Structures are given as structure tokens and as C-alpha cells.
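Just the one chain here, the form predicted on its own, laid out as C-alpha cells.
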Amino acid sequence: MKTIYRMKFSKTGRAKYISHLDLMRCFQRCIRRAELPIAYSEGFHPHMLIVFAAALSLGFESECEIIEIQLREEIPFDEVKNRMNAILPEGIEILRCYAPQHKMGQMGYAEYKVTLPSDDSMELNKSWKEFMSQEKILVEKKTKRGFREIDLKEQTEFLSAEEQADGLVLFLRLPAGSTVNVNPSLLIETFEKNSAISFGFPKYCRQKLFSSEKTEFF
């Protein structure tokens, strides 16, 4: 009898430079060291039954990453969380362990906090508002089938902006499903090309995941 455990974890600080492939290997090693009774697939090349909700871009921080594992026996959720946190490297922390409420395929959106370093956040905010006031923001996006044109204005839900002493902080909601997925860096790179106001290297943090119906993803 296999039991499904879903874990929400953060990936911050130096851990943001761990690639998705290395993150998978990291969790595999930690699961072994935590001595969790992980379930394996059947066949000639069995592998751990582990699934990540969505790959995070290298250099992005996150407060809402999700991994799902299957165990061969039931263990209390808090015990799984504590065992993993005792092993995981600095910058990666299990925030919650629970029974899944949504199927992985039901994830549809993600909210991001994007910080644009600047000495003049007021002017940068004006430039951002002008950029987002366009009827369309057309760009070429690379897909598995080649390049296609998409409208970033249509895909972006601009939630709010905060002018701070050291820069402008944007809060955005973008598609993050298996069919439509938009990286916020594409939007910011397009803005930078169209803005007369320069800014420093952007900082990205994924803060929340949502279902295709825009309810929080659990």
C-alpha cells in the first residue's frame, strides 16, 4: 500500500543556484539519508516515485515549491517534514507536509515578486505603467515546436507595484501550467528593451501556486 506525501518547500539564498536536475538528485539523496521508506517504480530500471510540481528557473528564489513522494508505509506528516529538514542543505526547507488536494495537472498559475533595483523607483514605476498600458505586448517565445508569437499583456495579471528606496517591487500572476507557461523574466526583459529608465539585475521570487481555476494549489 503506497501513501502519497506532498511537501511544500522554500528555496532561497545560495540554494537558488541549484539547478532543477541537481535539486532532484539532492532530494533523492536526502530521502535515503532520512531513511524514509520510499516507493519505487516497477520494471528493469526502478526509480523513486518522486514528482515536482514545476521546475524553477536557475537563480529564482521560491517560497512555494512542491514535491510529491510515495512511501511504502504510513509515517506522520510532521515526522516526514522533520526528518527531511534535518538533512536538507542550507536554503532548502520543508514548510509543510500534507495529503494532496489537487492533482499535479491542475496547476495553472504562479505569483511572483520581482524586484528591479533602481535609484529612481518613481520614474521606473511610471515607465512600467506605460509599458503595461499597451494594448498588446507581442514577443517571440521558444517552445518545443519552435518559436511562436504570444501576447504578454494578455498572459500577465499585474497585481501591484511598490516603490521602495532601493528599487521597484512588482507582484505578478502568470500562467504556470503544463499547456501554457510564461516565465516572468521574459516579461521583464521585454520591459527593459522598451524602457528609457535603466535598472539593476532583477531578483525573482515565486510566492504562490494556483490551480487552473485560480484557487491556491495544495
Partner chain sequence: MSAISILSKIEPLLLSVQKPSQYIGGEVGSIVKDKENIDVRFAFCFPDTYEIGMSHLGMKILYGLINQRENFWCERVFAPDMDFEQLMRENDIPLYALESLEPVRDFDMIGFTLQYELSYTNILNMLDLAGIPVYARDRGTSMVQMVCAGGPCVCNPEPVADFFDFFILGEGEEVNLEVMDLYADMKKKGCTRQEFLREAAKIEGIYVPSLYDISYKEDGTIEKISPKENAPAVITKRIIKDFDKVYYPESFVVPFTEVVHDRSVVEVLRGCIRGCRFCQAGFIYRPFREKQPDTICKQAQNLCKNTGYEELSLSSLSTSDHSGIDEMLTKLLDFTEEKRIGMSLPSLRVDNFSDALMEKIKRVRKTGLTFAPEAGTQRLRDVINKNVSDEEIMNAAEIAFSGGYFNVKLYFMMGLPTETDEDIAGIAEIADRIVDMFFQNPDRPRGKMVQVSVSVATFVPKPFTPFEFEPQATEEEVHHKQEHLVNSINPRNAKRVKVSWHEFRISQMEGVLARGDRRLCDVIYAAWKNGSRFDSWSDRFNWNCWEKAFAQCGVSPEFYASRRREYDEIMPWDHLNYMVDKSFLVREHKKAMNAETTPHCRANCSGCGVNREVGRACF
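Keep in mind it's a predicted model, so treat the numbers as computed, not measured. Residue numbers count along the first chain shown, from 1.
This next part talks about the form predicted in complex with its partner chain, which is not shown.
Engineer: Hey, of 31 to 39, 152 to 160, 165 to 173, 62 to 70, which bit sits against its partner chain in the predicted complex at 4.5 Å between non-hydrogen atoms?
Structural biologist: Result of the contact check: 31 to 39.
Engineer: State the residue from C26, V180, A55, V51 whose non-hydrogen atoms include one within 4.5 Å of its partner chain in the predicted complex.
Structural biologist: Residue within 4.5 Å of the partner: C26.
Engineer: May I ask you to state whether K203 is within 4.5 Å of its partner chain in the predicted complex, using heavy atom distances?
Structural biologist: K203: contacts its partner chain in the predicted complex.
Engineer: Please check if P89 has a heavy atom lying within 4.5 Å of any heavy atom of its partner chain in the predicted complex.
Structural biologist: It does: once its partner chain is placed as it appears in the predicted complex, P89 has a heavy atom within 4.5 Å of it.
Engineer: Would I197 count as touching its partner chain in the predicted complex under a 4.5 Å heavy atom rule?
Structural biologist: I197: no, not in contact with its partner chain in the predicted complex.
Engineer: Would I18 count as a contact of its partner chain in the predicted complex, using a 4.5 angstroms cut-off between non-hydrogen atoms?
Structural biologist: So I18 counts as contacting its partner chain.
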